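What follows is a pair of forms of the same protein chain, given separately as structure tokens and numbered structure 1 and structure 2.
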Structure 1
Amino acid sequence: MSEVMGLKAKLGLNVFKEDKEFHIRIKPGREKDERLKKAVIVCPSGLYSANDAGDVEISVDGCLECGTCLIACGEEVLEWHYPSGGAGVQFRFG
């Protein structure tokens, strides 16, 4: 019988290649925007978090490039584009 892999184990199989610049940025002055709190909840990789000051921060390492944060927060809050060719997530199915 084969072992069932959990979500974290499956995500751990993926390879992430760095780009020259981040493909997601919180627009300056929008760190406290209420819409960003949605990204903390909906990001499947858990990249968004709120700090003690109430600002939302992002760590793009491990981004699945799904665009969920952009849909939840909007272009007024986030700058989002795909990484350049050869960079970003490379999915490994296990």
Structure 2
Amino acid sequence: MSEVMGLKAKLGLNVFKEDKEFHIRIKPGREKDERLKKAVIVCPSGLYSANDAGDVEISVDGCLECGTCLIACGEEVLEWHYPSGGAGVQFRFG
């Protein structure tokens, strides 16, 4: 298997249903918090990235709702709840 499937393509195989709002947010004023950098490493969907200014940003599209970022970074820097009922990832195989 020479070709590695990109993360975006892999996530594209999953079913995601739209939510009315973002279910994970970086708490205002915490964008530069060192703890957020952990999310860049641990997030299985690679949704966190640090921009040039050193702020960590998140894009929740493709979130698997696994909880790894919450556990790694903590509730002080992340506002984290599950998507609304029927929204978010819906595993077909699991």
Partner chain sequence: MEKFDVIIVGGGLAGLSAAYTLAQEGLETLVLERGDYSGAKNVTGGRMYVNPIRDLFPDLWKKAPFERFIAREEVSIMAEERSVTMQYDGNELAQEPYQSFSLLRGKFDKWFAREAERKGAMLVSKARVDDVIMEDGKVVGVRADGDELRADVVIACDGVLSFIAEKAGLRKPLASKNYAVGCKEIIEMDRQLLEDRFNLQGDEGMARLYMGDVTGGSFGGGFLYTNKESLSLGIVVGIDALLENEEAFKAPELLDRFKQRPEIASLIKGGQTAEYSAHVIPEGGVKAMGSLYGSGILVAGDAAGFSMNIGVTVRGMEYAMASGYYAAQAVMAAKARNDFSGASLAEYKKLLDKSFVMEDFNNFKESLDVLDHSRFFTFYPELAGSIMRDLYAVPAGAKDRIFPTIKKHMTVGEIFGIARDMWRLRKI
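The shown structure was predicted, so the numbers you read here are calculated from the model rather than taken from an experiment. In this text, the rigid core denotes the largest set of C-alpha atoms whose superposition between the two forms falls within 1.5 Å. Residue numbering: structure 1 sequence, from 1.
A.B. asks: Quick one: identify the form predicted alone, either 1 or 2.
C.D. replies: Between the two, the form predicted alone is shown as structure 1, not structure 2.
A.B. asks: Does G86 move appreciably between the two structures, meaning a CA displacement of 2 Å or more on the superposed rigid core?
C.D. replies: No, the C-alpha position differs by under 2 Å between the two structures.
A.B. asks: Examine R25 after superposing the rigid core and state whether its CA is displaced by 2 Å or more between the two structures.
C.D. replies: No.
A.B. asks: After core superposition, I'd like to know whether L11 moves between the two structures (criterion: C-alpha shift of 2 angstroms or more).
C.D. replies: Moves: yes, 2 Å or greater.
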